[in-house]
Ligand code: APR
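Form predicted on its own, single chain, as structure tokens, below.
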């Protein structure tokens, strides 16, 4: 039987979000209803609100979430009612060419719930990244639920659903950071700080944080940065080279998503080094580089989709490392808020005052 719950919707482009009554249907085949316990406020949700993703309003926002499975539909075997899960927005199909080649983190046919949640008048909602978790309960594809140790705080666990996983994965999965490597991270917001934490976890000998905000650089040190560079007052390429014996870093992670910072990343890496783009550019942005430099510097230029993560592999591992005290995921939670405070959280995010505001239900 369908349930009515509270949820946060974006009614139209750049309109203030509001709390509405949401109708959540019973799960169909391959689906699950999850009672949401916590959901982070991610910049992607702001993009939805601003119309930067598409114009399929109204949106049910929220996607960095953790909670407890309440019910499942026919054919669901991987999770059961009562399981504590982290939600992910890339439920792999297991059948596409990437999955069949043993690279499911590149799955080209990820899926979401087939049914739609609605407003009480029947208006269909578009769930952010196929999740829609700024709500007391949400309907997702069962493959979007990854079971983890319930000893972890939901406010911490949910962050792996997007930004923190993207950053950690950019360092470890995409960048292949290893023991003794030098790493530079350009942009020290939530994703950049997660990349710093990932590089530190992987055993990098030198982790250089680059940003224009001294507050963010100070926070980056608490995540594992060994050096900081304020690129408003210093040339970041020259500073990174100076800190790496004149050569450049083995891995440079660009967590801003702008042409100018990507160029900095390109020239701040060592010969045969790796650049990882995890910052998300906008459609109109263009990049121009001398082709001879691309050839002559060698190495790899990579993009990181969701940290190239496989939730069933990465989420339980990272939660275990956190519970062992080896990965400080709790440092990413700046504040906990209620559903009716999401609009204010967007304002604090825009001002750079928080790493993550987390809605706790």
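Residue numbers count along the first chain shown, from 1. Please read these numbers as outputs of a predicted model, since none were measured by experiment.
The next section is about a form of this same protein that is not shown, the form predicted together with this ligand.
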{"item": "Interface residue in the predicted complex among 248, 154, 73, 279, criterion: non-hydrogen atom within 4.5 angstroms of this ligand", "value": "279"}
{"item": "Selected contact from 226, 219, 112, 261, since only one has a non-hydrogen atom within 4.5 angstroms of this ligand in the predicted complex", "value": "261"}
{"item": "Residue 149: touches this ligand in the predicted complex, heavy atom cutoff 4.5 angstroms", "value": "no"}
{"item": "is_contact(residue 313, this ligand) in the predicted complex, heavy atom dist at most 4.5 Å", "value": "no"}
{"item": "Proximity of residue 213 to this ligand in the predicted complex, heavy atoms at 4.5 Å", "value": "yes"}
{"item": "Contact label in the predicted complex: residue 35 to this ligand, heavy atom within 4.5 Å", "value": "no"}
{"item": "Contact stretch among 73-81, 188-196, 237-245, 115-123 - heavy atom within 4.5 Å of this ligand in the predicted complex", "value": "188-196"}
{"item": "Three-residue site 50, 63 and 139 fully in contact with this ligand in the predicted complex at 4.5 Å by heavy atom", "value": "no"}
{"item": "Those residues of 228-259 which, in the predicted complex, come within 4.5 Å of this ligand by heavy atom", "value": "231, 255, 256"}
